[in-house]
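Below, in structure tokens: the form predicted alone, a single chain.
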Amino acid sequence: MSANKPKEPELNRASLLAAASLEFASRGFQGARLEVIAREAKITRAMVYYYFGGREGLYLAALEEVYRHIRTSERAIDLDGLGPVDAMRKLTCFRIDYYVENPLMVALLAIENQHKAEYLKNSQEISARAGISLEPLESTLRQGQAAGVFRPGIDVVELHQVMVSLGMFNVSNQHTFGAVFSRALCSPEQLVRTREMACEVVLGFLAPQASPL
């Protein structure tokens, strides 16, 4: 076997998690059918239990994978040579685009919120790497504060909350908001406006406060 060729178990695991994410996102935790997941992954149902121990283990693994993917994607953003304002714009736009391009993550998190994070709380990986996931944002924030273009006293988790909220809304509320206001939130034209709005909101939140008169 070539040293560069992935081992068969890894190929099965990746295929299985992709099928599981789609099935759980479509049908919820209880409604998802393991036989459908196994068939889509081209493995037997017994292998689902072999890899993950059953429904809960597979669901948790799917959650961990979507968190792993967004964390890896954000850390791969090239911010070299950018000033803190432009870097913050790039990170903000990433959040807007990422959720639109990865709606399964939004759907899985909606399901997990319905369960009050019952399963996510069992993941040591997600909680242990929460700080790592904030590193690009925190580094940019600190650079901007050092340069005097961002105000001091910003809680990076709250800044992250603002950016996530602006990004996830376009996917989680696209149908209801769109029906009420006749706005296609995920259309290319609207996303241009949303990116601009999101950058204004984030940079406005970060802007140094005006000196009192």
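Since the model is a prediction, treat every value here as computed from it, not as a measurement. Numbers follow the displayed sequence, beginning with 1.
Keep in mind that the form predicted together with another copy of the chain is missing from the display, and what follows is about it.
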Please pick, from 100, 141, 111, 87, the one residue with any non-hydrogen atom lying within 4.5 angstroms of another copy of the chain in the predicted bound form. 111
So another copy of the chain isn't shown here. In the predicted bound form, which residue out of 47, 164, 70, 36 has a non-hydrogen atom within 4.5 Å of it? 164
Answer for residue 117 alone: is it within 4.5 Å of another copy of the chain in the predicted bound form, judged on heavy atom distances? yes
Please tell me whether any heavy atom belonging to residue 190 falls inside 4.5 Å of a heavy atom of another copy of the chain, as the geometry stands in the predicted bound form. yes
Taking 4.5 angstroms as the cut-off for heavy atoms, does residue 28 touch another copy of the chain in the predicted bound form? yes
Does at least one non-hydrogen atom of residue 123 fall within 4.5 angstroms of another copy of the chain in the predicted bound form? no
Within 4.5 Å of another copy of the chain in the predicted bound form, all of 58, 75 and 104 (non-hydrogen atom): no
In the predicted bound form: members of 134 to 150 within 4.5 Å of another copy of the chain, any heavy atom: 134, 149
